[in-house]
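Next up: the same protein chain in two forms, each one alone, written as structure tokens (structure 1, then structure 2).
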Structure 1
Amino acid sequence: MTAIRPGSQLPISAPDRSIWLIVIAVISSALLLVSQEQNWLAALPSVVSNFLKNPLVASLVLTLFLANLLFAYRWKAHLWAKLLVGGLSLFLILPWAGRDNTSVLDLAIQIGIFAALSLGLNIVVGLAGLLDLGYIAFFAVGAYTWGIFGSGQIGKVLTYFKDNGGNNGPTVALGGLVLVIITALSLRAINRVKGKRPPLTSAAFLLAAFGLLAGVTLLVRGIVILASANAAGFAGGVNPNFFWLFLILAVAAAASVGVLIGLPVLKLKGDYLAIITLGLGEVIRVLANNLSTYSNGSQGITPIGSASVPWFNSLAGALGFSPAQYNLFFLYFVVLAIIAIIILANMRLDRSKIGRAWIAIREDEIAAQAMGIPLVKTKLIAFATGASFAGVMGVIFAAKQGFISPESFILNQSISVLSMVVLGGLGSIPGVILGAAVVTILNISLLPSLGEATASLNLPPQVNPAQLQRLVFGSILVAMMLFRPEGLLPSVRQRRMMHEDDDPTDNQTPQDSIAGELNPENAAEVYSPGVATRADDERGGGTQ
């Protein structure tokens, strides 16, 4: 029920901070540019330049600069000031700083990737209330989709099948196709049998699903054998321009894996679902590790290509980027575009019929079903939507790193993304993005630079800050959950749920409560969609 209304959670009487916003933006941008630009640093007095060169200071400056975007979003200020600061920061200052120090761009892309992942998981966990501990698997599916085709790996696969696949390609493909059609039809038929004898139906369902999987495998195998005739043509991967096609293919692949994983397990509740999704996530990782014909096993795939757009490259060249940086520069803008699309999609979903159905399921499954919401279908859509965001970012990740291996998709990553979502604020779009940014900055920039900065202190290696990621991250998680369980930027609804016991007047600022505007005395009596009152939560039969 969150809407992105900048400043909507502030009291109406908050002072206008346009001037502050611009002043801080100018100062932090200047600091950032100076601290990354070697020539300018050299021109400064050595005390200042040494101070700015300190990795910790540089990292803090970068953090302050990124915090500008948060200020621009949160503070009450004129729209032009917000747009100016946001636009210039994202489109001018950040790429500029990235030209002198690519790690800035790298960090920005990572934040974008994790923000998209968190937004996807937010749909599954935050909106639909399905605890998914294997989310990173969908990211892996996306990454491997492009990883295999965008590198020489596809050539190796085809060569392998040329030597070992035999020449029954058409037969295998045809058989697979027939199997797919039969099982798909029987799935439809089974779906129509309304649960008279659930065990039998689920057995038939399982069999059909297995058949579908086998059919798809056969079909793919047949196609691969057919294509293996011109293995030599794929020695260097597919044409990089297919990158765009693979962005879409990865969405489709991740979404279908989401449905495939979701189908058998969505009947389970709560923690059963959590452990199953955890397990299936691991299954995908182990498969990536062991099906080395396709994925090159634990050694991973490298180098992975990326699209190259000539005019974009010449633009980057004109701006003074070196050819080695073209790819990052390009991907940075691709990430920006994708994030914008994902945020828009999230906002639309949030207020759509399906978004409300998700929230209804999260709050009370039985009541939602009684209201005519098709449970399985709605949950599957949540799974597939969440997965598709991860899939598209997987492609970006593969293209950015140029290297993927199963190690990038371990369970800890799923947990990381989950904690980004909870840290930022479950169900809140800006919160989730902030959570992703905070965790990513902490892990990639602040802690390592703290380690570098303290290198001269001769600390024992055990307590080197760069090694203390788990300790710091864990402490932050625990502290946040103890003192601010609703997250950094909670959605209105979450904040209310977590603070039911507090003085209700705390939350009754005129702006965030439509009910309050209608009838301030009887706020709890008036129902208004999207602004649940205490009474609503209690009526809803609370799922806590």
Structure 2
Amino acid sequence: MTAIRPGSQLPISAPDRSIWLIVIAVISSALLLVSQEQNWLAALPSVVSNFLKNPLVASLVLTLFLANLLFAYRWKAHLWAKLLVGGLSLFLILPWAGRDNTSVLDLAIQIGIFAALSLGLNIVVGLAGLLDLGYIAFFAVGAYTWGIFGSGQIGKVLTYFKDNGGNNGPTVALGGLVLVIITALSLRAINRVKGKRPPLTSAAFLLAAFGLLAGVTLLVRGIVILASANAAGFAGGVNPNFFWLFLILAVAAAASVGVLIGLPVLKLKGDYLAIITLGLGEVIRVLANNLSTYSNGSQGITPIGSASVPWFNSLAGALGFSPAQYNLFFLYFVVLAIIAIIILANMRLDRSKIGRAWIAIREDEIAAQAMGIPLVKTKLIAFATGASFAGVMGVIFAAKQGFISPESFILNQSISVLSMVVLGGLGSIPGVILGAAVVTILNISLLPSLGEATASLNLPPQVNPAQLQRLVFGSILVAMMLFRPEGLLPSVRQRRMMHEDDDPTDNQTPQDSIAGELNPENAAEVYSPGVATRADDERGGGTQ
């Protein structure tokens, strides 16, 4: 039986925590529904109704409701209470609130998109230790993969090739296929060479890789020329049911771009790697801006379709959603399913052999290589895995927005995703998700609503919150890094690394602690910052 010290408070039991968790969830859910339901607001006294209609109050109520998920994760309550609160919040209350205020569902989808992006970048930065400032380029690859085919842009592309491609489609496609086979076999043969490769072999590998890329380009061009005969049939894009196929194709396309970007740069590290990934990320954006035949340039692509699931639309209609809301309702649940898959993949990778190899490379590349870890191959897997998560969410983003342009994938977006990872905690899956939620809520909900709430005060521009959103956001990040540099929900490894100098007893083994209690003087000597030097005539051992 554990003794209770005089004056100490009794610990709260798990049943009590479960009850408190449910009570807080019920109160915050009721406040959210009342603040979003216009009929319920009209029935309230005018003072209460006007208070809840205030944009800042409504944003704070939504933030408090979303905090239920954090409480359910962090509190030591019963599992059934956590599942009840999490399930009802995600699958009932949030869609219900989004029915009367579409911005609630839109915010939830944005949080999910950025959570997936952060989980992908967490693999590259948090686990493998590769600072990537061009990560948003993979997001753009996924978005344009579906944006081109899911809109009338594919019809314009086919019409262009129909008018300018001639009749050499079969020849180009066959030549590209032959080149792909030859170069692929060459790469396979070169890759089997054991030991250190001579310069000639390395040059042959690069030449074969370039030939493979050229072959794929010719093959795709030939297929497009052949398909251009039916350009009129693609005036409105491909069948929306191909949306599911393009989720997989976007994963493959983004992962391939990740490998292509990673191959020439992974011998670099630190600041040099950050600068070159930043440049390559900008290259993707500039290509999207300049290849107007395919991407429509700076004018962007619109409208972009989405999958249509009849039974899901019927369910949304039965729940009171309008036809204009069907797409958001559908994409919300698609995002939840993809996030669940990505979290499961992250957990498996973190505990796998490749996950431990990433951490070893992050801590010490030389030691990892000495232990037999192939550096380039392991880093390429990290780049490809992180890129694939961004690619699949690019498809969701294009389907939700209905419009994409190069301005949607600027450098600031990469910096924003990186700030989510650092703010939540490098290497921590729940921390990264929390960081994405916090930054997204600040940027989309809290700070804009603060500007709206103070709009009627006629403040001068120098102190108007509506004009100082970036300043407020930056100040929050600076304060966070000063007072909690390890992140909001850091991993155990990150917490120990950031605070290893704060308390020397944190790293003691149980045997060391017992030894220190039995002999405090010896313990103090072992853990003192420095040990006094011996006298010149003092003997090093034996009896004095």
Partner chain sequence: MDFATLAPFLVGVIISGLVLGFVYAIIALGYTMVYGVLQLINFAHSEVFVTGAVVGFEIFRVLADNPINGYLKLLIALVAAMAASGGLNVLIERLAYRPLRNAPRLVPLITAIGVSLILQDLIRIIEGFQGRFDLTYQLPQGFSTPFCGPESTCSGVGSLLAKIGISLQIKEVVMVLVALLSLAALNYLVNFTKLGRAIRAVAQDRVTAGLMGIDANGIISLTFLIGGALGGVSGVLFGLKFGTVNAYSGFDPGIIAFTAAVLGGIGSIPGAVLGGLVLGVIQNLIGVTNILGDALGIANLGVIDSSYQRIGGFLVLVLILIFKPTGLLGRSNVEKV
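Note that this is a predicted model, so its numbers are computed, not measured. Here the rigid core means the biggest group of C-alpha atoms that line up within 1.5 Å when the two forms are laid on top of each other. Throughout, residue numbering runs from 1 along the sequence of structure 1.
Working note: structure 1 is the copy from the form predicted together with its partner chain; the remaining copy is not.
In a rigid-core overlay of the protein, T454 has its C-alpha displaced by under 2 Å between structure 1 and structure 2. Superposition of the core reveals a Cα shift of less than 2 Å for A231 between structure 1 and structure 2.
Rotation of the smaller rigid part against the larger between structure 1 and structure 2, from C-alpha superpositions: 7 degrees.
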